[in-house]
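Take a look at this single chain, the form predicted on its own, given in structure tokens.
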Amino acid sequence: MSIGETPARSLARPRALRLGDRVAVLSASSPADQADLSVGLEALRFAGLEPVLYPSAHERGGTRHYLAGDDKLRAADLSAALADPAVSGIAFATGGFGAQRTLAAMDWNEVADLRPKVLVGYSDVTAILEAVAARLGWASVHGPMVASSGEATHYSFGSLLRTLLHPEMAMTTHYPQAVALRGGTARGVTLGGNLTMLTSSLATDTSLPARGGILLIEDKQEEQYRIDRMLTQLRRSGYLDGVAGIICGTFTRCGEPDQIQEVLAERLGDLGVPLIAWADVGHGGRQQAFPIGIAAELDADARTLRLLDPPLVPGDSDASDHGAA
């Protein structure tokens, strides 16, 4: 699937979550911190949702210390959650490492022709969100994991829950701390996420090129030269050809911010599209939920993203929006 085939048309949108909905909690990546997971589960219950834990959420890294169980287990959990009609959404327990291995073990025929359901996560989970857009044509939400921690968790969870439960109230996002590296407005379909994961998906059947899209990129603990190299690889591969606009989120512990900004401006500014940096999306501190696969307008000068459709189908209808770009 190419987002650019039908510019500014949202992917298939799942319905919004409702009080009492069952939400699968699993890991497609690393083991979750069990104490943080317990707190996150209570937050979901407090919000009126019913978390359903899958085995990978409790895995402690027996196969590899950085993997929540073996690839077969993680892929089976993801496939089962996608296919279970009693599950309304999937909230990933944590990120880390391993999502690409999970995708390699997936049988997409098992989950073809299903009704869309919302998936939520970021970081390593970028690979999963990109895959369901490319293979299933579904929109999703880039946002905090269940096993989140830190002083800003309440803010990030608040932004996420508003998007999941009241999507009609999440149509415009302001990025007050962002810097416009290139002004102007652009319309396109939102996509992207973690820069490392987008780069590692190139040349696979789950990569979704940015043509006609408003691309989000962010990362954590990557040296300046690695960010430069990954952006160059995206350019050379053709991934960025025809991109409509770019939102650079946080680049936490990636070196001096002014030097990172110089790299972003140098490697992306000459694409000639609206470009902002330091939007509060991604690793580190407060992050705002970022819908993936939704037609939107980026105003770089105003530092706002306005969705042209609600990120999920609002209201009490059981119907999902099956119109895909």
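Residue indices: 1-based, along the sequence shown. Bear in mind that the values here come from a model prediction, so they are computed numbers and not experimental data.
A second form of this protein, the form predicted together with another copy of the chain, is not displayed here; the remarks below concern that form.
*Asks:* Would you confirm whether the three residues H65, R101 and Q259 all fall within 4.5 Å of another copy of the chain in the model of the complex, going by non-hydrogen atoms?
*Replies:* The answer is yes: all three residues contact the partner (heavy atom, 4.5 Å cut-off).
*Asks:* Closest heavy atom of R267 to another copy of the chain in the model of the complex, within 4.5 Å or not?
*Replies:* R267 belongs to the contact set for another copy of the chain.
*Asks:* Heavy atoms within 4.5 Å of another copy of the chain in the model of the complex: does M171 have any?
*Replies:* No.
*Asks:* Would R236 show up as a contact with another copy of the chain in the model of the complex if we use heavy atoms at 4.5 Å?
*Replies:* Contact with another copy of the chain, yes.
*Asks:* Can you work out whether D241 and another copy of the chain are in contact in the model of the complex, taking contact to mean some heavy atom pair no more than 4.5 Å apart?
*Replies:* Judged by the heavy-atom cut-off of 4.5 Å, D241 is well away from another copy of the chain in the model of the complex.
*Asks:* Looking at 241 to 249, 205 to 213, 159 to 167, 136 to 144, which one sits within 4.5 Å of another copy of the chain in the model of the complex if you count heavy atoms only?
*Replies:* One stretch meets the cut-off, namely 205 to 213.
*Asks:* May I ask you to choose, among R187, R229, R115, H154, the residue with a heavy atom within 4.5 Å of another copy of the chain in the model of the complex?
*Replies:* So the residue touching another copy of the chain in the model of the complex, by this definition, is R229.
*Asks:* Which listed residue (S149, Q177, Q224, S79) meets the criterion of a heavy atom within 4.5 Å of another copy of the chain in the model of the complex?
*Replies:* None of the others qualify; the residue that does is Q224.
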